[in-house]
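One protein chain, two forms: both are listed below as structure tokens, the first as structure 1 and the second as structure 2.
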Structure 1
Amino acid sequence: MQVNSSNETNYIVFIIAALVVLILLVGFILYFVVSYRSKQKDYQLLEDQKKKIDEQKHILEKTLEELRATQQQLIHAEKMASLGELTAGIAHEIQNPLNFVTNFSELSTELISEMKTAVEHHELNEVLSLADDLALNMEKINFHGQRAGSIVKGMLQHSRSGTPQKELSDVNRLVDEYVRLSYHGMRAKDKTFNASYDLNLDPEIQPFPIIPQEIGRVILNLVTNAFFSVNEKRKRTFENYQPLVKISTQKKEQEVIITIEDNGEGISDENASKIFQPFFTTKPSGQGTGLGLSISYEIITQGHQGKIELNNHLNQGGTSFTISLPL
């Protein structure tokens, strides 16, 4: 009986052990299945999220491309708008050298006629003297012809929509040219315009690499804004007010400094903090796009690794912008 009881006990222990092992095995299988399903669910969730992220990325990339295209269109529109405002100034600047070319051409025609007469009379000294005068006239015709060509070239560069390249440029000549274009453009646009400007250009500045049409745009924008400000103040001021815009260049260590200063109405502190933001303008509706200063900021800081700063003199009247271009 004791042997049977021992066998029964061993059998029961074996059965219990087998059940425990079976339960553990079933538990492990269930855990594995649940874990696998959970991982599959997580994986599918990640796949869905990845798909949504890819779709959103594609939408954002497409939106970014559209924004860049729109930005380029706006920049080109701003360029063409400023060019349109300067049409009269450009016409004036071209007309001057063309008048010189016409006048010297007429004088040269007369000199040739006199030279023929002198040749017929064998007056060698007179012929040589007339030849010298004729050569001088040709030099003047060539100079003013190049001047007209330079203005046209600048106009074409100003309106070009491609990617501009840096080239060795004379900043003083560029400043002088665009200040005069702005001045004559303002005079043609507003018959009541009345202001003076003072140029102080540092002769020590040698040509250095810049994008001339881009720097020209910046100068044009800042000077035109300055002329607008002083003219508006003149219209509202009954005192003995003399509207004046000062433009200067200076070589300072490894930089060229361009300063445009006016004694106009100034800019409030609130507006000064937003002056370089796109589409912000203090001009009346229809008289400004609000892109000029933001584009100028981008040209100087990104295109030329320089700085452009506003120095507001509201209490004393007027503002000044300082451009720093690295040599």
Structure 2
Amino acid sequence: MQVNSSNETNYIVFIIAALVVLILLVGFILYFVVSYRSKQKDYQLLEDQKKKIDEQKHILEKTLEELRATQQQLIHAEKMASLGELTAGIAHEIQNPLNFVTNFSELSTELISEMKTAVEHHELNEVLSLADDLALNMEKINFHGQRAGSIVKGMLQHSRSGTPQKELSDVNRLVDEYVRLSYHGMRAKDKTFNASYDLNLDPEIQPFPIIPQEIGRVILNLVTNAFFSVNEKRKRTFENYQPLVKISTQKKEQEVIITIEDNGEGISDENASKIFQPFFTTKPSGQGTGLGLSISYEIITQGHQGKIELNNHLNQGGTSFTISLPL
């Protein structure tokens, strides 16, 4: 009787224990399936988001590519626009050497004719003297021809697209050349333009590696802006106002400083913070692309690891830009 009772208890305990194991197993598997599905949903959501992000990334990359292409086109357009501004200055600059070439070649023709007469009269000394003059003329023709050639070369460099390389260049010569181009350009464009400029170039500066056509563009931009500003002020001022643009270069220990200063209208504080932004311009519609200063900023800071700063003299009138180029 006792054995039977013990067996029954044993069975009951066994069945309860087996049921507990069964419930635990079923519970675990159910929990696993439910949590797996929930995680699968999260995972799917994550996958969808990743897919969307990838799509957006692709679109953004494409847009960025298009923007870069547009930027390149704009830079080129800006180059062409400034080239247009330069045309008058260039014409003036080329006209001078061409005049020399024409005059000296005419003079040379006369000298040859005189030489022929001297040869006919067997005046050897006269022939030799005329030959010396002729050689001198030829040298001058060659000099002015090369001068015209270098202006054309500069113009071609200015308009060329692609990645230019740094080369040893004389900054003073570059400043002088582009200031004159700008000045004559302004004069040719606006017959009423009247301003003077003062060049103060440091003779201590030796040629150092820069990208000449790019630095030329920066100088051209800043000087043209300065001339524009003083000319605008002159138009509005009836007092005894002397429009003046001062351009100077200075050698310091590890850098060369180029300063372009004007006594024009100045820039308001509000505008001063925006002037290096692309497409920002205070010039009347159609007279500026708004890219000149932003491209100048890029050329100096990224292309030459230099600095470009604006010092606003609004109270005294005018502004000055300081460019630092590391040696």
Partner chain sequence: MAHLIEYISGSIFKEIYYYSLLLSSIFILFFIKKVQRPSLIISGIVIFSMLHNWIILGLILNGVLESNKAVYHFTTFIEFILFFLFYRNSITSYYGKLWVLAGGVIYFAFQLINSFLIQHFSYYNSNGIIIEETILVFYALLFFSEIRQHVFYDNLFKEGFFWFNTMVLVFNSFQVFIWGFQGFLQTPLWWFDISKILSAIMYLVFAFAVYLDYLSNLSKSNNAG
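Since the model is a prediction, treat every value here as computed from it, not as a measurement. Think of the rigid core as the biggest set of C-alphas that the two forms share within 1.5 Å after superposition. Counting starts at 1 and follows the sequence of structure 1.
Legend entry - Matching structure (the form predicted together with the partner chain), either 1 or 2: Answer 2, the form predicted together with the partner chain.
Legend entry - Lys39 C-alpha moves between the two structures by 2 Å or more, core aligned: The answer is yes, as the C-alpha of Lys39 shifts between the two structures by 2 Å or more after core alignment.
Inset, instruction - Fit the two forms on their core, then tell me the C-alpha shift of Leu128 between the two structures in angstrom. - result: Residue shift at the C-alpha: 2.8 Å.
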